[in-house]
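One chain comes next, on its own, written out as structure tokens in the form predicted on its own.
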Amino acid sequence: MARDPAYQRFDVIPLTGALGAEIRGADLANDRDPALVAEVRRALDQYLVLAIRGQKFDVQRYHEAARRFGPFSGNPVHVPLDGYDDIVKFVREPSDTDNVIGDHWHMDLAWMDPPPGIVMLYGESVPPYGGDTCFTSLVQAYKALSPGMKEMLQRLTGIHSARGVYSINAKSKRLGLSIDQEKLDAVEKEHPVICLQPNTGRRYLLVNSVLTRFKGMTEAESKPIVDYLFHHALRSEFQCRVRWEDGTLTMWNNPLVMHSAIDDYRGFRRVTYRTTVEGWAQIAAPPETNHSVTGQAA
């Protein structure tokens, strides 16, 4: 098992060469040292996805731990827990037959201004097997583009639409929605296609399932490029897969990845809690030069 020697407060074990790491030996429920949060943030910036094992949260301690990473980003879609407007509880019972929410490649709330910077999902009770979450790196997706494609995309602005988000979430009978379909379907947000992460200088390709078109172009004109970029970003060498255990807190750098939940655990109960941390207005990356700062590789 390869441990990253750059971290001393806890063990960091990389999941793949592209992104993702497992952390063991950190106690976010009880250790309130700001240095611990800073070290986890550093690991998250490097690996984009962290599976932090052995956590024991009640709702209050989960709320407190999350807010040490930053303010709540807001969530206009889901009804939160009573008394905790920053936490949504997801429950799937053994008898449930509806599709798992998030069983497609997507980015959480990409149509928000700004999108959440960090997503935190805590597994209180998970199946003995199945229910893995897959992630793909949009940093690696950018790096693998040809120079000509990068140059073309540099000039484009993507339109990200919430159209259809209500109907996807409404399929779950256990998930309360706090907004009506007509209002949500009308929401759109512009983001650059090639973006720069502010604290690392890394470039990433901002593509996801709600990118519907490019500014100044129709959906029909945009579709071939959108489809190419979406499928390009899902190359297997850009991915990692998180296997859940009870007490796993998975965190991810939301604008820099897409993720997908695997629906292969029917007959088992699964209880998770999600919260998010405020992100940043997406920054258009300048054209690459020989002297561009591309930041630390994930």
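In this text, residue numbers run from 1 along the sequence as written. If you're wondering where the values come from, they're calculated on a predicted model, not measured in any experiment.
We do not show the form predicted together with a small molecule, though everything after this point is about it.
The closest non-hydrogen atom of residue 179 lies beyond 4.5 Å of the small molecule in the predicted complex. In the predicted complex, the small molecule sits within 4.5 Å of a heavy atom belonging to residue 121. In the predicted complex, at least one heavy atom of residue 261 sits within 4.5 Å of a heavy atom of the small molecule.
Looking at residue 101, you'd find a heavy atom of it within 4.5 angstroms of the small molecule in the predicted complex. This chain is displayed without the small molecule, yet in the predicted complex the stretch 268-276 from 268-276, 62-70, 24-32, 40-48 comes within 4.5 Å of it by heavy atoms. Checked against the small molecule in the predicted complex, the candidates 213, 189, 106, 163 yield a single residue with a heavy atom inside 4.5 Å, and that residue is 106. Among 197, 140, 75, 133, the residue placing a heavy atom within 4.5 Å of the small molecule in the predicted complex is 133.
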